[in-house]
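Next up, structure tokens for two forms of one chain, structure 1 and then structure 2.
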Structure 1
């Protein structure tokens, strides 16, 4: 007080400020008995000072639920921690009307550290409570709307797939008929484009499923060596077509049988290998799995898929895991695809608490890696 410098004509009346403060002020003994309250608070609660002081406990201004909350949580917190911050409660008027408030409190301790008083500031939170309710409602609306959009994508995706399968089937029948070289060439374009579109719709459907939280990793026994080899075999025809060498190596120290989700792990490896083959014109693609640590009942494995492809510029590296972006718009056009694959890999790995990492040098190649903890069978 002595430090406060006011114009000489203005003198603060501390008592008046206490009573007329734009917030409720309240002091209680540790058992909750009210020993002081300002006018603002008394006006809110519709009670006279002589009805309150030494007569009622703060718990009696609360609903039954509020009293329990006080006893089970707020009182222990004040007693042990000496303070509580902006707790949302309702004060009850004698007629039963509720006033939403925010209660902040601190304990005044005696020389031995035992509390003698609890002091509270109480803010009227009617508007804030309304705002919170609006927020909750808005969130519920947004979630419903996202759900219905996901359903729409799912439905349209399936319709597109059926139509594409019709096109591919028709094209296959057409290929068996007598066609000129030129016609065969045109038909190959149609088949290629239809297949690309089919992959894309598969990916959209899969991404939608992960988004909806509908994917839970399975846990079953599988052979990791076989999985890595099979993932490579699936890509081998495409790699050979481009004259690329495709090799797999699995650390001999990795146990034969592990527990995990071979389908999802296969999807991740397949996606990474598919990208590597797609973005490499000459050279090689390589899949590796190494034992990083043996943790008794589980193992930490490092997976790597590397290529000698076109690489990714440093400034674009951080964006490649976002859905619907591909390394660049140009390569997207050249190589096709909506850039969903990496986003899907990232989300699948996220189910295991893992994530994809990437290192790349434009013109030299790219390495994708991730680390997984798998239980031993």
Structure 2
């Protein structure tokens, strides 16, 4: 069968493509001596072909640090593995200017598997390196901006809390004076609005600390029964205003003293109880803590907060743990809030490797639960 030969013009086009490729192409002997290089690479390095071929090794095109890295790491790796992919190096021009490049190489092997030739593709990474620098600068600016915003939120949040506590204190004093029924109704409206804003400022400050990584679990001894009872007592006035029953039950088998972070656990219970009271018009709210397992030096506890409130539609359950999200737009309008409470609970529990679970039925109520492992005191 006659040998098929490519047309002369095709051979010339292949050679032209090699020399004018938009990337550098290079071939070396196993010792690194350059035996082939295209025009693109020669133009980058500012050298003529007769100055390169058979005269210098590939590492002589690199910066000093690149030569050391090549001899100590890259070349042994290339001989052993037979390839390398997008290694960042700097080529040197005769005048000393550096060109950042990405070097990809592969070995051509003989019949015995020994390398006889190394072929390299070299990409100019100048624009990529500049893009990475721009990204790093943008990230630094964003981080500085985020820090400034966090400081502003922290400062303003505490000022708002101080003012709201003053309003609530003044309202409490005013409630002890002789007021008409209409004035008492106005006062209750002021107190409710101030408490709502106080809760909102607490959640915003807490969310800011979590985002900034400023919250870590503390470990100290506390009484779980007292914590659950106190969490309910704080919400009892609101529940009584709405005519709701608010109860707590703690498993007698739970040890009297445990080790954990009562502040953060109290924040989780407080948020869950606060939501339960807020979204329940009639009926009851209940907090429970049960011993799930006794593990010698620690215990597994199941916590539940249930209510007989408005409930949550099944198709909306997956959204309620997102920050600034509520069950529906109408719910937000009617009950207020910023949709931060459940997101904060989820993140606080995440510090302990736990998470919130929810069961709900519209019109029948909602139950939130989580499991926590605490050390025995």
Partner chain sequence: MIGSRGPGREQDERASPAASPAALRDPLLRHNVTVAGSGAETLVFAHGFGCDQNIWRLVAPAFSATHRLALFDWPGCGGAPAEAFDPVRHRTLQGYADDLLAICAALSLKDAVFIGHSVSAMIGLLAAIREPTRFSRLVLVTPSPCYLNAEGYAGGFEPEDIDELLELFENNRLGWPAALAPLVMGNPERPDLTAELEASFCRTDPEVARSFARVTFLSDNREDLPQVRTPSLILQCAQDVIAPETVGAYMHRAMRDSRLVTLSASGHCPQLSAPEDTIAAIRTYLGIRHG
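All figures in this text were calculated on a predicted structure; none of them were measured in a lab. C-alpha atoms forming the largest set that superposes within 1.5 Å between two forms make up the rigid core. Numbering follows the first chain given and starts at 1.
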{"item": "Structure number of the form predicted alone", "value": "2"}
{"item": "Displaced residue check between structure 1 and structure 2: residue 357, CA, 2 Å or over, core reference", "value": "no"}
{"item": "Rigid core superposed: residue 110 CA moves 2 Å or more between structure 1 and structure 2", "value": "yes"}
{"item": "Core fit, then residue 78 C-alpha moves 2 Å or more between structure 1 and structure 2", "value": "yes"}
{"item": "C-alpha positional change at residue 139 between structure 1 and structure 2 - rigid core reference, Å", "value": "6.5"}
